[in-house]
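As a starting point, one isolated chain is supplied in structure tokens, in the form predicted alone.
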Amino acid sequence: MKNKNLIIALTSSLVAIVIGLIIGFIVVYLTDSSIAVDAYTVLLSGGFYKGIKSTGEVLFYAMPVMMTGLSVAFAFKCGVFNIGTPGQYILGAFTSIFVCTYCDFIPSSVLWLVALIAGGIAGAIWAIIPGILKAFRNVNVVISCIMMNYIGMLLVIKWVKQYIYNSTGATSLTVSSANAVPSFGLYDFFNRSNVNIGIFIAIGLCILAYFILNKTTFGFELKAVGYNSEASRYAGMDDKKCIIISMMIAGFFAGIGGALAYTAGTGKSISTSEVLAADGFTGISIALLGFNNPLGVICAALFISYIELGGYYMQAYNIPVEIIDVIVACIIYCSAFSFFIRKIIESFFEKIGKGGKE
């Protein structure tokens, strides 16, 4: 039974991906049919287009979205839809830059780690608010998370201008390479790509989340409350505490994602434009594609990063950036329909089973 579910899950993900790829190709073909095949070949070879350097870039781009995907997946497993990842992500990003800028009394060898943890804590604190509202007032967590996203974005813009403003580019300051997450040889191994040990941290947190949810009593309680809070309360569990803790852990993962993205030493800065962090929303697609399984999130994040990098390389064919965004978005969002396709496949197998019994 377990193997059957795994096969259905993998099949539905593959079908969703193929549908997305087909739609993406149609968009390319309608844009310029003469280069459609060549351009799409580049898109599909994204992670290998420039050899091992491209592979390193896939790992680099996967770090933050793997964390936002894990944030959504973890909360969903606990019965909460955490759509507040953009807000938690940008709070984590701001906090990590702030720590790297003002806490220069901490040795550079550990400052990056302090910044990551601080970013995660900031995300957790931001997520605790909708968690408390849900636990004590039964406020719809989706609505409260959306509101927290905009509040967080506007607060970060204000704080950037107040504390870490770079007036030259109207953005935040950047984290220097001396205080960045170290690569420990990955920079050379992947032929001067931007990947660092943050990818191991991200994968390690996914494995830790899987272990907590599936191998510990604590994780069982969180999931039990998510399935049925009233029955869990009757069984002696503190449902309010579990809801709040679930959101805190989810927010911590999203905050770590923001911190990883902005402490990589690549010169990435926070824009003062009033736009929510795209990586936060990408996490929703990744969680759905990975079936809200922390281990599935690892694979889904790598796939999404692979496609996005391929889309970046497609610019060599003079395809407008907006069209590339549309293509990549079609593939990503069709991939997010894997859950819907899974239901269709399960329904199909059920009909076959009933037919066999008759």
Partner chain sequence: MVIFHFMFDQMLLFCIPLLVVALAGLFSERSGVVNIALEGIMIFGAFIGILLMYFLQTYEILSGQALLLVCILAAAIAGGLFSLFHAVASVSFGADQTISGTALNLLAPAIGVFVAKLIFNGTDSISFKNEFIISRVPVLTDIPFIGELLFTNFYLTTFLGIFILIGTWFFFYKTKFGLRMRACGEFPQAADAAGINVGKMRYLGVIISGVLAGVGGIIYVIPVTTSFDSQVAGYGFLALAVLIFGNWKPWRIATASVFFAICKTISTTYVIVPVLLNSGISPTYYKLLPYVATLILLAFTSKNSAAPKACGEPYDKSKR
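Here the structure is a predicted model, which means the values were calculated and not measured. Numbering follows the first chain given and starts at 1. So that the term is clear: the rigid core is the largest set of C-alpha atoms that superpose within 1.5 Å between two forms.
In what follows, reference is made to the form predicted together with its partner chain, a form of this protein that is not presented.
query: in the predicted bound form, does each residue in the set 7, 191 and 207 place a non-hydrogen atom within 4.5 angstroms of its partner chain?
result: Answer is no for this spot.
Region of this chain that lies against its partner chain in the predicted bound form, out of 260 to 268, 88 to 96, 242 to 250, 146 to 154 [heavy atom, 4.5 Å]:
One stretch meets the cut-off, namely 146 to 154.
Q.
Even though the partner isn't displayed, in the predicted bound form is residue 38 close enough to its partner chain, meaning a heavy atom within 4.5 Å?
A. Residue 38: no contact with its partner chain in the predicted bound form.
* Could you tell me if residue 348 has a non-hydrogen atom within 4.5 Å of its partner chain in the predicted bound form? -> Residue 348: no contact with its partner chain in the predicted bound form.
For residue 165, is any heavy atom within 4.5 Å of its partner chain in the predicted bound form, or not?
-> No, residue 165 sits far enough from its partner chain in the predicted bound form that none of its heavy atoms falls within 4.5 Å.
Note to self: Does any part of residue 58 reach within 4.5 Å of its partner chain in the predicted bound form? Heavy atoms only, please.
What the structure shows: Heavy-atom contact with its partner chain at 4.5 Å: absent for residue 58.
- May I ask you to choose, among 273, 138, 176, 228, the residue with a heavy atom within 4.5 Å of its partner chain in the predicted bound form? For this set of options, the contacting one is 138.
| message | For the stretch 73 to 110, I need every residue with any heavy atom inside 4.5 Å of its partner chain in the predicted bound form, listed N to C. | response | 81, 83, in sequence order.
Query raised in the report: Has the Cα of residue 48 moved 2 Å or more between the shown form and the other one, judged after a core fit?
Result: The answer is no, as the C-alpha of residue 48 shifts between the shown form and the other one by less than 2 Å after core alignment.
Practice task
With a shift of at least 3 angstroms, figure out whether the C-alpha spacing between residue 81 and residue 328 grows or shrinks in the predicted bound form: closer or farther?
Solution key: It is closer: in the predicted bound form, the C-alpha atoms of residue 81 and residue 328 lie at least 3 Å nearer than they do here.
Q) Knowing the Cα distance between residue 308 and residue 321 changes 3 Å or more in the predicted bound form, does it shrink or grow relative to here? A) Closer in the predicted bound form, by 3 Å or more.
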